[in-house]
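One chain follows as structure tokens, the form predicted on its own.
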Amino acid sequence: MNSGVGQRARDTLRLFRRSKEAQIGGVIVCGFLLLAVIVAVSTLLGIQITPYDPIQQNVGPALAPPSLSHLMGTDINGRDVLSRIIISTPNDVGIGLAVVGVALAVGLIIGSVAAFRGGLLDEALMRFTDVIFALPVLVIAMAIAVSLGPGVSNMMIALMIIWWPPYARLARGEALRVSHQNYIEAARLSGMSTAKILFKHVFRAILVTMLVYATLDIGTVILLYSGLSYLGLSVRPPQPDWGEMVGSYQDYLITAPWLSVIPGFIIAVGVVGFSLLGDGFREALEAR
């Protein structure tokens, strides 16, 4: 079983490497992840890696266009836009990874348990999943975020509460697909408990498919989080955030378009990067 899973993973990666779009997505994603880790570690150690202080005002002339001194210009308070974008990276990328990671874990457990136990438990878990899934995600996320108050942590909690149902439905379908495989039947006949079967066999068999969906989904979370941040439900000024920068600078779209266009472009690049990476894995999985 383990060698079979490993071989399937190697086959998928080999097919993935043939896709130029997937490789471009991989480079973009790795770049964002590396930058997020560097910024997070440097912040923890109290080391400034940005060209200028992203919070301090008047580090440059107000509303200066992009130049050699300020590659992405400055805002109305003379703060360097590039520094503010860099320091925002761990928030946006980290929330995407955290929300999808929790949704993947919760959905994997709920969906697999529902598929293997069946009966009343399956019916109850799936009906509860359908209720959450039917709720409008953006509206519920806004309601939860408003009730908890603005903040990155509260925004993350709000998204985690509502993001797991699609993973539960996908995991249930995949678990039902493998539930009648010979090795699963052999494990049942040997007296192995349901928990052991799930952890030892089922999770490994369906994890690749789940990870492909999760990779595609990270970009969606980043986009949704940026939208909520745009509405002022995330960081508190003067802390920067990509979506918050687009929203707070929109009044200068005519006189200083770089203030909103550049953060919006960064969001788009991140979303496209994760989408290309996920598409590459999906195509490789289908081809395999």
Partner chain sequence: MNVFRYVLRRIVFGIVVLVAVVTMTFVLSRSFGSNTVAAWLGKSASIHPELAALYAEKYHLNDPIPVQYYYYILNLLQGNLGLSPSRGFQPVVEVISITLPFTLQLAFFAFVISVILGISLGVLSAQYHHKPLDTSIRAFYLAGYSSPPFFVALILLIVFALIFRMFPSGGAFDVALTPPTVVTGLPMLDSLIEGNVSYFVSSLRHVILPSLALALVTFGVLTRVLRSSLLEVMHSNYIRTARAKGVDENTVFFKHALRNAMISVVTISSLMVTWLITGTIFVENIFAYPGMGQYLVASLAAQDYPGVLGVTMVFALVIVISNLAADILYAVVDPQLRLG
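Numbering follows the first chain given and starts at 1. No experiment lies behind these values; they were computed from the predicted model shown.
Omitted here: the form predicted in complex with the partner chain. The next part is about that form.
S.K.: Given that the partner chain is left out here, which of Ala186, Ala143, Ala105, Ala124 has a heavy atom within 4.5 Å of it in the predicted complex?
M.R.: If I apply the 4.5 Å criterion carefully, the residue I get is Ala143.
S.K.: Identify which of Gly227, Gly60, Gly26, Pro51 has a heavy atom within 4.5 Å of the partner chain in the predicted complex; exactly one of them does.
M.R.: Among Gly227, Gly60, Gly26, Pro51, a heavy atom within 4.5 Å of the partner chain in the predicted complex occurs only for Gly227.
S.K.: For the chain shown here without its partner, which stretch in 251-259, 52-60, 38-46, 65-73 has non-hydrogen atoms within 4.5 angstroms of the partner chain in the predicted complex?
M.R.: Checking each option against the 4.5 Å cut-off leaves 251-259.
S.K.: Heavy atoms within 4.5 Å of the partner chain in the predicted complex: does Asn77 have any?
M.R.: No, no contact at 4.5 Å.
S.K.: Flag Leu233 as yes or no: does it have a non-hydrogen atom within 4.5 angstroms of any non-hydrogen atom of the partner chain in the predicted complex?
M.R.: Taking the distances in the predicted complex, the answer for Leu233 is yes, it comes within 4.5 Å of the partner chain.
S.K.: Does the partner chain get within 4.5 angstroms of any non-hydrogen atom of Pro136 in the predicted complex?
M.R.: Contact check for Pro136: yes, within 4.5 Å of the partner chain in the predicted complex.
S.K.: Since only the chain is shown here, I'm wondering whether Val246 would be in contact with the partner chain in the predicted complex (any heavy atom pair within 4.5 Å).
M.R.: Residue-level check for Val246: yes, a contact with the partner chain.
S.K.: Which residues in 257-276 have a heavy atom within 4.5 Å of the partner chain in the predicted complex?
M.R.: Contacts from 257-276: Pro257, Ser260, Val261, Gly264, Phe265, Ile267, Ala268, Val271, Val272, Ser275, Leu276.
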